[in-house]
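Just one chain follows, in the form predicted alone, and it is written as structure tokens.
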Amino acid sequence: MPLIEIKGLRKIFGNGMGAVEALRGVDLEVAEGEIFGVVGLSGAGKSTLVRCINLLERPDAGTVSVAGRDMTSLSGRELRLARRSMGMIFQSFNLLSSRTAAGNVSFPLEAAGADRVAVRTRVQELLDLVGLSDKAGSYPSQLSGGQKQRVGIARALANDPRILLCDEATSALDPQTTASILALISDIQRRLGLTVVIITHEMKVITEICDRVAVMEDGSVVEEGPVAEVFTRPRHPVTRGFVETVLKSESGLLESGYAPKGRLLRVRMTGDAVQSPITGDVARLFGVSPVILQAHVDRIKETPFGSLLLDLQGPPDKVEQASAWLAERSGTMLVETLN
């Protein structure tokens, strides 16, 4: 049984002609212990979705079950207690400006009625965990963006949650700070055995940290699966657009007036195929000349990923055979012919 199970989720804001359907029958499952990403453009419905998981937004139809318990059937005290199993990190940090870092982390513990001594001990543990033990007495105005988000992470962990929800947790941060926050979330997930749901509009965040991903557009999930599979074999145009934001695009080369002498191919590889001598193999087997125009190597979490832009030159029948061979290779995908 999945830890989080979402069925037929619908959410409508407004009435009549001004009504906006933010979620259109969303179905999703998140397994215990995984880092699950939801990516989409602004207005796709992803933030509404994550707020429906902990019932900060109550859906108009459908169910959200956590550990087999229907969250949408809870109200009052039952819902408040259930929410303690889910910590949440926000894009704008949402820290209390009148409280120190320690005071912000202690707030949910105080609200839960925890013993004062236990609160102090827990706060120190959490600030140590996020690398801010020396900032306990600092106010938000004295902290950098990355430090504020670390306080937010510590606060989200205060009640020892089973699930960590991250709503655009890095979008207000610079790339270097983003990398450090993602590394921290990944480390905490491994150490504490958390289930993490990450909402983002950046595919780079998904490839950096997530195990599986759902792509949203206009309130619906248009594609879902393991990150490596979705990234290397995107089926939906929205997904392909996100993938292109991570890859070094060949558009500049083509727009510069480059005229290919053969078939222009884009080939993507994952896993061991990244280190295989593909261009040498195709030249030897088919007597063609694969001219490398661009090459890009990266990682999808722990999986190597490579992209090649080739001008495959030679007799047309041999080029056709070579193209088919590339498309059929295990771990390699011929995404498209570009000319």
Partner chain sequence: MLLTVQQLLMLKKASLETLYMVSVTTAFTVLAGVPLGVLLVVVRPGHILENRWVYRIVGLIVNATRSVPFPIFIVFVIPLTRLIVGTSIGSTAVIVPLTLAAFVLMARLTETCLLEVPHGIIEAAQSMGASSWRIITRVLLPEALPGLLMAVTIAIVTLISYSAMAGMVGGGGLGDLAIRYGYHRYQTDIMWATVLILVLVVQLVQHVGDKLVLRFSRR
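These numbers come from a predicted model, not from an experiment. Residue numbers count along the first chain shown, from 1.
The form predicted together with the partner chain is left out here; the points below concern that form.
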Legend entry - Option touching the partner chain, based on a heavy atom within 4.5 Å in the model of the complex, out of Ser141, Thr121, Gln176, Thr245: Ser141
Legend entry - Sole residue of Ser220, Asn94, Gln189, Ser180 within 4.5 Å of the partner chain in the model of the complex, by heavy atom: Asn94
Inset, instruction - May I ask whether Leu132, Gln147 and Arg150 each come within 4.5 Å of the partner chain in the model of the complex, counting any non-hydrogen atom? - result: no
Inset, instruction - Evaluate Asn54 for contact with the partner chain in the model of the complex, applying a 4.5 angstroms cut-off between non-hydrogen atoms, and reply yes or no. - result: yes
Inset, instruction - Although the partner chain is absent from this view, report whether Glu110 comes within 4.5 Å of it in the model of the complex, heavy atoms only. - result: yes
Legend entry - the partner chain contact in the model of the complex: Leu127, any heavy atom under 4.5 Å: no
Inset, instruction - May I ask you to state whether Arg84 is within 4.5 Å of the partner chain in the model of the complex, using heavy atom distances? - result: yes
Inset, instruction - Would you point out which of 264-272, 192-200, 207-215, 97-105 contains residues with a non-hydrogen atom within 4.5 Å of the partner chain in the model of the complex? - result: 97-105
Legend entry - Residues in 148-175 with any heavy atom within 4.5 Å of the partner chain in the model of the complex: Arg155
